[in-house]
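Presented as structure tokens, the chain that follows is alone, the form predicted alone.
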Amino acid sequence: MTEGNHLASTRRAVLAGAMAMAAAPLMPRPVAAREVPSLAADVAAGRLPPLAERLPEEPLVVQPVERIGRYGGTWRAGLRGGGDTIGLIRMLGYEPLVAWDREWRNVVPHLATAWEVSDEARVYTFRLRRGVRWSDGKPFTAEDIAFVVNDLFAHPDWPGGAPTWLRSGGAGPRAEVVDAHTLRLVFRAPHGLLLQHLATGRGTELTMYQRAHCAQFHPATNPNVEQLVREGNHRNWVALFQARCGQVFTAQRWQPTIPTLNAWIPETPYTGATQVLNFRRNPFYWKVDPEGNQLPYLDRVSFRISDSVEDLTLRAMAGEIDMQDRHIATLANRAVFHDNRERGGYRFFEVVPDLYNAVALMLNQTHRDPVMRSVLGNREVRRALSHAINRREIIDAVFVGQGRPWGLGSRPESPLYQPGVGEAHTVFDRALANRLLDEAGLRNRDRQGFRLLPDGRRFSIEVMIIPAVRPEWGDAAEMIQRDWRQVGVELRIATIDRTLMEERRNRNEFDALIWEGSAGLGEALQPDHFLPSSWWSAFGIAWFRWVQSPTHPDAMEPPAHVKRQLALYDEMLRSADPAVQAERMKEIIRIASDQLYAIGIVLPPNGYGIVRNTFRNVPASMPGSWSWPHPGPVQTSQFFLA
């Protein structure tokens, strides 16, 4: 679920909702200034072609944030454990067909220089950048992407088939190779949000497999693949393929033997035993600065790997991390980092989170218990529970006064922001809460003062939380527990691990859960809290089952307002017009807010990251999201050491 592009003679899709632009004109290829100093010896010895032969005919020209950089040096950062692959994609692996610009306003050319979208948003034609090479020097062509779409995702053995974001009409597209630099994706049904999905971190899945390398491990292109399966003691060809070529979110992807389009190449595999993960520059990288200097400026990247956030934090404070916010930039650490800036030799950069809420409490409106379902499904009961919460006290006590009372709605920074929507139902009014609960038929109470359900049971709600994800959730839940007690509703807090929480949620065996409110920016990309679109739509799991399959035994037909939202979203998918997409998404959000799909507590304040004073070309502010996988769209290849 995503956003769109601009209408010319043919429709071009760009950002969800409110913004538009045509594919940016290709900048003329600059004259290369000089050879990269660290590669000069290899070129002189004949181990590498000269720079002019390594650069593409149409290099991507990257405008530096501050100024033209200088070559050399190492970017030091940290990873958490042996599976922090999201961090690697954000920092080093953001090389999709189309990308977000630095302001998260438009989809812009990247590995594709231009594109056309049919009027019905079913056929997408991409023109690929000429002369791009993989890190082993082989050309990057339309055949590489067609291999991923047709041979991998469409193969019946491939786990899960095409990723959800790439599907429309229940299936992935068909890829057609028009020529080496022209690719066509043909969908069964309209997919008006494809370009926005391609520009997220998920979109890198289409550009991470080199056909020449990975075809060795696929039965359609290597008749001897079973021999390789036996020699490697793999279960089947899929396990062999994943071991040799990786998957988008697995550590296996980060191996020195796998050709890449990234700016830096791993020197050793990333495994659970890795303590330091080093990368060296890709001599065939396809981007330059405005003076023609091949990027990246930095020769190397080095990640210290630790299971301890405290260890990474101490390293950052000691000046041993050059630029990072992931894991270390917590609310609790902000004051400590601030006081240590001069000694540590670093400064802050701002991160504007895409979260609409730091605490999103979702009540299960499709509860298996019919009595609980009738009560939690009553909008006036949800209104009462929301008005019973003293958000200002929670913000002051748990979030050290940072943030503002907020429910369910776009962030003020979003182009889809609508005044009053995020603030709806957030005023603390205990008298109103009591009156609404009484009017909902919950007047009777037990000896302890708790309200009784229509069948005589105590009105008691169990909420699942995972403090390991956000420590503040436990404290916030305890204060909500206190507030609800004042209006006669019992809240029981169940602290569980993520696996168990997801199992109970997916089986629809829960009352409520707390999670972070995703998509306060880029709302159409992750509309989980705005309509029943995924397993994270915990307010209506059985409705989501119905969306998947109306005949499923656990499915429940949704009410009219949910069906209205689903119809609006379908209209978004059928249009590549950003104005149409914006208006439909705004109405979806208004309905979700009015129906209290999530009872939110606080609009998260802007976050932060730290950057060494000598580490340059880092913007003073950037969005923070997986949909805009920061800092990737900033173009990390233009970072340098002053």
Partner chain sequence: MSAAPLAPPVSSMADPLATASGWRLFWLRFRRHRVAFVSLWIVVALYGVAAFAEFLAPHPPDRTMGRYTYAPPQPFGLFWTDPTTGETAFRPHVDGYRVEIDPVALRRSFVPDATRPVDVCLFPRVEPYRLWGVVPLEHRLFGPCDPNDPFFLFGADRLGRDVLSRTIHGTRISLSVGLIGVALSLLLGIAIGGAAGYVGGALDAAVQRVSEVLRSLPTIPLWLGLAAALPREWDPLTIYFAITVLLSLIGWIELARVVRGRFLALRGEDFVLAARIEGMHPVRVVMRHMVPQVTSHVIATATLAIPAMILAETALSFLGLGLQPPLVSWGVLLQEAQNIRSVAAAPWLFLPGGAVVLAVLCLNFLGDGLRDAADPYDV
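Owing to the predicted nature of the structure, the values given are computational and were not obtained by experimental measurement. Residue numbers count along the first chain shown, from 1.
The discussion below concerns the form predicted together with its partner chain, not included here.
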Worksheet item: From the list 332, 431, 427, 178, which entry has a heavy atom within 4.5 Å of its partner chain in the predicted complex?
Response: 332
Response to the item:
The one option of 508, 495, 182, 221 with any heavy atom within 4.5 Å of its partner chain in the predicted complex is 495
Discussion item. With the partner left out here, check for me: in the predicted complex, does some heavy atom of residue 504 sit within 4.5 Å of its partner chain?
Written reply: yes
Worksheet item: For residue 310, is any heavy atom within 4.5 Å of its partner chain in the predicted complex, or not?
Response: yes
Worksheet item: Do residue 443 and its partner chain come within 4.5 Å of each other in the predicted complex, heavy atoms counted?
Response: no
Worksheet entry | Proximity of residue 231 to its partner chain in the predicted complex, heavy atoms at 4.5 Å | no
Item to complete: Decide if the three candidate residues 317, 339 and 475 all line its partner chain in the predicted complex, where lining means a heavy atom within 4.5 Å.
Response: yes
Worksheet item: Out of the stretches listed (381-389, 496-504, 211-219, 558-566), which one is close to its partner chain in the predicted complex, meaning heavy atoms within 4.5 Å?
Response: 496-504
